[in-house]
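Listed next as structure tokens is one chain, alone, in the form predicted alone.
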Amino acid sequence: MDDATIRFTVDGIEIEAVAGQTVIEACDAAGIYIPRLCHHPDLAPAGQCRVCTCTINGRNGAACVTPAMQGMVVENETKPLNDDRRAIIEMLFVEGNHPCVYCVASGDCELQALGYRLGLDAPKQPYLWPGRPLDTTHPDIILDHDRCILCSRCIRASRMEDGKTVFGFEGRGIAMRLNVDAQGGLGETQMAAIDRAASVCPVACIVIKRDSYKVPNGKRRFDVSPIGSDIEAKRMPRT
């Protein structure tokens, strides 16, 4: 360990980080999975969804935007935190329309996979059935507002990775929704199917046309391994 190495504990396990890493980045590297939705390793953190909230030195904070500090004490896998995460996931399910049974993203959807991981059998809150419009104006991309969970990944990817401003938010609270920078819909924007913004959506809000069933149901990412298992595999004992 050199002077630049930071040591702190997560659920009683001591891990190391380097200066500049956030708590979630350090935990990913150490093989400790912290549930998340808006966080993506290729994008600047936003602290938007709060699913990654941990108890850090006795106070709750988003692990994706909290810098790793020497000696900090982080609690991640606790019943109260997982109860809160499950409540967030449940609210996202009922606030939008997420018919997992026939959704094109089933088995590859991070919202669905987190629901399974956190033991969300069925929402107890009433569904709102928002009925938002389906934008099919783009020749290669479908934008399904009913699936959007307002994670802002596409906004950050469009601006930071693609050098465009295709996406943004409009409205506040329950009326907040994803918008595009053209009145005629996604088809009138500079969006391309090869854009990074088209591949970072954790649900089925942004769907590439004619591409949905290249990997069949039953063989998709989370059909094969639960979400987070790729990170946790880093801690598996070597044989």
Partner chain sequence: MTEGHDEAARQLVAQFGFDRSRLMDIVQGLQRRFGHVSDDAVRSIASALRIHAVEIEDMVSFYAFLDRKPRGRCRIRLSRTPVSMIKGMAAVASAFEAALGISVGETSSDGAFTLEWTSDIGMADQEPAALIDTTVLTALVPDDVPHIVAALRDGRRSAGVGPVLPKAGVRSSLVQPGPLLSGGHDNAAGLQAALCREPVKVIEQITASRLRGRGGAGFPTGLKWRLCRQAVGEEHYVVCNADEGEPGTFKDRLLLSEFPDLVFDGMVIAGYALGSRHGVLYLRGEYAYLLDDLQAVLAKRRQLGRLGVAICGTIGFDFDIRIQLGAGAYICGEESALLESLEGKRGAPRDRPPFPTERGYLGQPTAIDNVETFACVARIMEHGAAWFTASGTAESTGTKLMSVAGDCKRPGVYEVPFGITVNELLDLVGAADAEFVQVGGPSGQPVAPKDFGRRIAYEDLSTGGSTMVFGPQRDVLEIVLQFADFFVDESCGWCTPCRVGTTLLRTGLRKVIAGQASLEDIATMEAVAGTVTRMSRCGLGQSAPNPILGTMRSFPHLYEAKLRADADISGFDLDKALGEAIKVQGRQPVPEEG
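Since we're looking at a predicted model, the values are computed, not measured. Numbering follows the first chain given and starts at 1.
One more form of this protein should be noted, the form predicted together with the partner chain, which is absent from this view; the next part is about it.
Heavy atoms of Pro67 reach within 4.5 Å of the partner chain in the predicted complex, making it an interface residue. By the criterion of a heavy atom within 4.5 Å, Met176 is counted among the residues contacting the partner chain in the predicted complex. By the criterion of a heavy atom within 4.5 Å, Arg117 is excluded from the residues contacting the partner chain in the predicted complex.
A residue is said to contact a partner when one of its heavy atoms sits within 4.5 Å of a partner heavy atom; Thr78 fails this definition for the partner chain in the predicted complex, lying far away. Though the partner chain is absent from this view, in the predicted complex it lies within 4.5 Å of a heavy atom of just one residue from Val73, Ala87, Met160, Leu134, which is Ala87. Leu92 is the sole member of Ala105, Ile141, Ala113, Leu92 with a non-hydrogen atom lying within 4.5 angstroms of the partner chain in the predicted complex.
Residues placing heavy atoms within 4.5 Å of the partner chain in the predicted complex fall in a single listed stretch, namely 49-57, out of 191-199, 204-212, 28-36, 49-57. Contacts between 180-211 and the partner chain, taken as any heavy atom within 4.5 Å in the predicted complex, involve Val180, Asp181, Gln183.
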